[in-house]
Ligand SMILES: C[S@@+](CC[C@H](N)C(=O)[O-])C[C@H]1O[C@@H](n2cnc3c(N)ncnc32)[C@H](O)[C@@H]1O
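Take a look at this single chain, the form predicted on its own, given in structure tokens.
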Amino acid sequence: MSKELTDLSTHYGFGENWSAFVDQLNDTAIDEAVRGFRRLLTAEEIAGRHMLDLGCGSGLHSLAALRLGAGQVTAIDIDPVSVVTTQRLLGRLHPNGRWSVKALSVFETSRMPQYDVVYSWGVLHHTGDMIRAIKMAADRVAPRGLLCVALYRRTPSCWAWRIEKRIYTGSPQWVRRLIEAIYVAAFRLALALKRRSFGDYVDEYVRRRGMNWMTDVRDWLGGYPYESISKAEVVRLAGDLGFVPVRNFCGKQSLALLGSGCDEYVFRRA
């Protein structure tokens, strides 16, 4: 990977999107974050533990961990806007908890301590050097600790999405709006072919996830740098790093013409 891809200046501005999202945050989104977190890590696995939230984004997953009983959360993100957003969220909704937030890249964590749980959802594939980022995250896991990651699954369309994301990230607003309009039109068509209502889909998306659909669309279209990985590659890499599988939630392979999802993995350090 080119060294410049690991630099923030080449990355899509996730922080700005997350800041706008937190301004509209509601109880549904928080409940969904807690539900998703509990799906990956049991109460026994997080209660009283010290967790590293690697690439904290909005801070919503840090908040979920604290609400589920994490003893302490250290959150880091390369994007200073995400750092401020996470501080704002935790300061408002969990002011008395044991947490800290700092601006730091995954590639600058070698001097940090090890943690009971290292959690990174949908982040490491945007670092510009995913394999090295996974190794750095794994290094921060204490003996018998847990590594919890979500990574984009490999699809036949990954090469095309990588080009689209690079164009979107480097383009002025009018080009971004054009790309968004094309994507929305294609999405509407795909739903219409299935005889589904676009309006109903978006309304259900908001009710079910508490997330603004267009916020997620922009995150997908702009998520550069972008890499992906197969389940077999993740399991093999984790094994080479001394980890054993605990659980995973992996989707089915598809052409991903309208976007790919993340596969979720939990590993324990042997």
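Residue indices: 1-based, along the sequence shown. Please read these numbers as outputs of a predicted model, since none were measured by experiment.
The following text describes the form predicted together with this ligand, which does not appear among the structures shown.
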item	value
Candidate spot 57, 107 and 123, all three touching this ligand in the predicted complex (heavy atom, 4.5 Å)	yes
In the predicted complex, residue 82 touching this ligand (heavy atom, 4.5 Å)	yes
Non-hydrogen atom contact residue 78 with this ligand in the predicted complex at 4.5 angstroms	yes
Close approach of residue 61 to this ligand in the predicted complex, 4.5 Å, heavy atom	yes
Contact flag, residue 74 vs this ligand in the predicted complex, heavy atom cut 4.5 Å	no
Contact stretch among 91 to 99, 189 to 197, 114 to 122, 174 to 182 - heavy atom within 4.5 Å of this ligand in the predicted complex	114 to 122
